[in-house]
Ligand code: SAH
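Quick setup: one chain, the form predicted alone, written in structure tokens, and binding and motion questions come after.
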Amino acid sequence: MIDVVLAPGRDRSVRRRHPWLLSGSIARVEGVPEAGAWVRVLSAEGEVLGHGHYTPGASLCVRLFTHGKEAPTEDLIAARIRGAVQCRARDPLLADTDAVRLVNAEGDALPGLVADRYAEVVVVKFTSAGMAARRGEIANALREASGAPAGFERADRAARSEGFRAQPGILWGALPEPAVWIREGARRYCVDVSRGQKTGFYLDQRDARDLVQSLARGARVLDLFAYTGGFSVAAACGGAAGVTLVDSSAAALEMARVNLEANAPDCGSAWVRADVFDWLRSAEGLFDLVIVDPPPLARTRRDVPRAARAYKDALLFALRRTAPGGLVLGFACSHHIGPDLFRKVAFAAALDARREAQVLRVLGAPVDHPCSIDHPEGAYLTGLLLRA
């Protein structure tokens, strides 16, 4: 096994069991490892600190799987996949849905791998060269552990920076036709696993959708960045007086129409295809529940100032559209915009909107999206329920 030797004094994060090793911490690599190869990580003094997958030329060059002297076993990845899948199968909080995250990368000690189950289909994303190099092994492990009839790979933007070739398409079995339908309690959703956002749907908002359903009775609901209507369906199933969906994608709104028709065909709905930020500036009318769930706005640390301004604008205008005593449910989905910063953004929005607001609840991802205590960057989703 090729050795990666750290510079003096640069072993602190590894000793604290963080799974990421950055190139600036490395003094030398003794050999020429291929992309995705196993490497052994040593301190400057020669102590074995752990083992992981190597990505040459990347800033995040080693993803650690083990800490300490013991080398990884041949079935380490497959064993961890089995453990992650079994954990979800035993969790009583996931008993009422057939759509769950089976593997959550670092949260399940499997950095570089995400796998989501949508009924009979497992959708996989490889986000590291190490995991992509073990595509067949991982597909077999997921197929055996999940028992799902079909597996599908989605391309991820990380492939280019990691130096591997994504291979989107069937991993095993065949996709159901014409679409995949999932259930969350009594709600049903049509999911496009081959072209939809993320791996097809926002599974990380399941708990928030349950909350919206519990709050929506008799409410006038505004769903901003509505995508395929996840929150709108929940509101309609909860007895909303009406829902207004705003999104810039015609395809997403059409899927939202299908989902609303399948769940609550009698709920009054309005469909607006527009840029949400532009629409909010000229919108009229008040709503009792406003949901603000934009796509990722801060993919890197450099994006934070611009993203914070965008979140503030969205929340500011959402508050202006909220009836007295109404609710705003706002989200940020980037670990660069943490709970403290997002709360400050919400404060600034309320101040500029000249609305007093109470924080009723802080939300995060559900139980099938665990975050390792050694990897705080895994806590990427922050939500605030505000009463105006």
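Residue positions are given as counts along the sequence shown, with the first one as 1. None of the values given here were measured: they were computed from a predicted structure.
What comes next is about the form predicted in complex with S-adenosyl-L-homocysteine (SAH), which is not displayed.
In summary, the region of this chain contacting S-adenosyl-L-homocysteine (SAH) in the model of the complex, judged by heavy atoms within 4.5 Å and restricted to 161-169, 80-88, 211-219, 268-276, corresponds to 268-276.
Every member of the trio 227, 231 and 295 reaches S-adenosyl-L-homocysteine (SAH) in the model of the complex with some non-hydrogen atom inside 4.5 Å. Of the residues 205, 104, 128, 199, just one reaches S-adenosyl-L-homocysteine (SAH) in the model of the complex with a heavy atom at 4.5 Å or closer; this is 205. Remark: residue 140 does not count among the residues lining S-adenosyl-L-homocysteine (SAH) in the model of the complex, judged by a heavy atom distance of 4.5 Å or less.
S-adenosyl-L-homocysteine (SAH) is not drawn, but in the model of the complex it has a heavy atom within 4.5 Å of residue 247.
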